[in-house]
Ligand code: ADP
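Single chain ahead, by itself, as structure tokens, in the form predicted on its own.
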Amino acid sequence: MRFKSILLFGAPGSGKGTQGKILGSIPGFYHSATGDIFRSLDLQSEMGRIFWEYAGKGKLVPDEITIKLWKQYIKGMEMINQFHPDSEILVLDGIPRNIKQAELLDDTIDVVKVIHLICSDLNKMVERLRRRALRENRFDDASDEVIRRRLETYDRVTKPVLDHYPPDRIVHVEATMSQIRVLRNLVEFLVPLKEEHDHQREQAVAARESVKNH
């Protein structure tokens, strides 16, 4: 079974993490942020050691390892009853980061909607990144040079992932609005998806009961 999923997509500073956490607190949605998964790794475990081999040298973790790690994490969350794929929709934040990762995930996730958080005001996005860097004590990330490089990497490597999914599943939301207005727009798109998901689940349960009774 592929997991019903929503992708939160957008450049650094577009608010993916903020909106993802809010959506993940709503019953029926499960938020998965790749950065949080990496940070929670036990460095004594096999995957933790592999991750540290790359991260400790300042290298990017290979796509295959990133996806393997993510799949193991989600399976683990399912096994300990933190994630319930029959009743919850995954909200993915930070993955897939490129076309190859999207292809590697095709057998695991069923992307029902891509929420593309767009930022028409570049200055606002840069200011958000500066504030976040200072708030999280990542002073090196507050430099305009680092921010510019991150945005260029997004445009070159990550943004093309949008082309991997059918255009009718992609919705564009202006990210420079207030958080509550962005959330309101997201909810308008997500309510019918959740209702459809619940309806399909009820039909599946009814079908199983019918077979059992006969």
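This is a predicted model, so every value here is computed, not measured. One rule holds for the numbers: they count along the sequence shown, beginning at 1. In this text, rigid core is short for the largest set of C-alphas that superpose within 1.5 Å between two forms.
Here the subject shifts to the form predicted in complex with the named molecule, a form of this protein not shown in this document.
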Looking at 168-176, 27-35, 185-193, 41-49, which lies within 4.5 angstroms of the named molecule in the model of the complex, counting heavy atoms?
-> 27-35
Partner-contacting position among 117, 125, 95, 111 - heavy atom within 4.5 Å of the named molecule in the model of the complex | 95
Taking the named molecule in the model of the complex as the reference, which of 69, 61, 147, 161 has a non-hydrogen atom within 4.5 Å?
-> 61
Honest question, do 1, 82 and 100 all end up within 4.5 Å of the named molecule in the model of the complex by heavy atom distance?
-> no
Any of the heavy atoms of residue 55 lying within 4.5 Å of the named molecule in the model of the complex?
-> yes
Is residue 130 close to the named molecule in the model of the complex, meaning a heavy atom pair under 4.5 Å apart or at it?
-> no
Shift of residue 178 between the shown form and the other one at or above 2 Å (CA, core fit) = no
Is there a C-alpha shift of 2 Å or more at residue 41 between the shown form and the other one once the rigid core is superposed?
-> yes
